[in-house]
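Taking the form predicted on its own, here's one chain by itself in structure tokens.
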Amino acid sequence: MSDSSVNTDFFVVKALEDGVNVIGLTRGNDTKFHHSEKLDKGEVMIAQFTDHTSAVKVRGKAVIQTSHGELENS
């Protein structure tokens, strides 16, 4: 794993309703879905970007916390 290509900051997703989807997207020339988690209300997921994950998509009502701030997805 190359430290220069991966942000080791963690981010937190807290579900504000049942059925919130957190979807990991691959790194590289072709962006693809590679991992998905479903959270129920009150569940919290702590994650980070890796050599394989370059982006995350959150579907549903959730609070997302990063080192850059906090936002609510509705």
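Everything numeric in this text was worked out from a predicted model, so none of it was measured. Numbers for residues come from their place in the sequence shown, where the first is 1.
This next part talks about the form predicted together with a small molecule, which is not shown.
Of the heavy atoms in Val56, some are within 4.5 Å of the small molecule in the predicted complex. Contact between His52 and the small molecule in the predicted complex is found at the 4.5 Å heavy atom cutoff. Contact annotation: Lys38 falls outside 4.5 Å of the small molecule in the predicted complex, judged by heavy atom distances. Though the partner is left out of this view, Thr31 does not reach within 4.5 Å of the small molecule in the predicted complex, counting heavy atoms only.
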